[in-house]
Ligand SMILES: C[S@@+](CC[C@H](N)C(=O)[O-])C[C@H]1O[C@@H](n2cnc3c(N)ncnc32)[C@H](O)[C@@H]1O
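Quick heads-up: it's one chain on its own, the form predicted alone, in structure tokens.
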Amino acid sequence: MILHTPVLLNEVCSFLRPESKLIVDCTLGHGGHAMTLLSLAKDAKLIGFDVDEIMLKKAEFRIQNSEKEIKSSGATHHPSFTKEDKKENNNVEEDWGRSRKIEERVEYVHESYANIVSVLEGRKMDFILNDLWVNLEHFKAVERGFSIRGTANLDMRFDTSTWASAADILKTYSTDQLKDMFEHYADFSSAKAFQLAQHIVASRKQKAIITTQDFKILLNECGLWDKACTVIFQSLRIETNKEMDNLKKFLSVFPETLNSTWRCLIITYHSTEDRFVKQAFNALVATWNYKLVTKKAVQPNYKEVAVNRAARSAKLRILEKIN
């Protein structure tokens, strides 16, 4: 398994209260954030969402072996903790016998985090983490059609049981729908987005766009090379999985799922995502029932970016409810 490196792990853990009882990880992935959070909040249960059933099964397998992994990595000793935090959390071996194993404290949910209210059925959370980045494995597993590298069916679905794939979108969307997608999710100018959309609609009449290389060649014909192709592939992935729609739905409902002294942490990687989160958090703060834990978004330091390039655009925002 190609392990995904959790972004801003130290920073996320520094905002966790060790006495938390119920935690939600909205995008469980390989369980990197989840395992460390549970090693710190030793009496907590975690509900892990992932719309990708393949990823969910891999997370379950990894978490079943998490005790050994966390002990060997020293994950409970990170630089964001104060001396008091370390004193509270540094005796992992001694506490192991007094608390349930991590694997016994995880509930796996094959569902979009947008449906958090119906899944929780009235249960109240103390801590919610929503890391919006795509798992590294999606790009490395060429056969799933996320990457501009290699040749595969142009799929891009996290949940392969749903309609439609990326190829379906390129086959059925109108010129205006494609233009809007490239303009909003790839930050193309209106004119450039329209030009690209027109070319796709004209080209698909001659030859179906089925594989990743079919699409990449078409983009090359428009003068777009690897960097721009990556951005276009990203915009198509966002549309295929309705990522922005799911985020907006989550932002409209998550406050009703949370306890009286809770925190919600969201990590964004795209300017549109970050704008949605910032606006939603500010609207809640304006009600006087919430506060921003940090005035500005928390970003990874240069050391993290040096070893994990995927972290370079990450922004972490933290909202807290006021009693």
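Heads up: residue numbers just count along the shown sequence, starting at 1. Since we're looking at a predicted model, the values are computed, not measured.
The next section is about a form of this same protein that is not shown, the form predicted in complex with the ligand.
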statement: Answer key, the ligand contact in the model of the complex at 4.5 Å (heavy atoms) among A41, I266, L46, C26: the residue is C26
task: Let me know the one among Y113, F127, F215, F182 whose heavy atoms come within 4.5 Å of the ligand in the model of the complex, would you?
output: Y113
query: Using a 4.5 Å heavy atom cut-off, which stretch among 274-282, 290-298, 50-58, 251-259 contacts the ligand in the model of the complex?
result: 50-58
- prompt: the ligand in the model of the complex: within 4.5 Å of a heavy atom of each of H30, D131 and N246?
  reply: yes
message: Taking any heavy atom pair closer than or equal to 4.5 Å as contact, tell me whether F233 reaches the ligand in the model of the complex.
response: no
message: Just checking whether H138 would be counted as a contact of the ligand in the model of the complex - the rule being heavy atoms within 4.5 angstroms.
response: yes
In the model of the complex, residues of 148-163 near the ligand [heavy atom within 4.5 Å]: F158
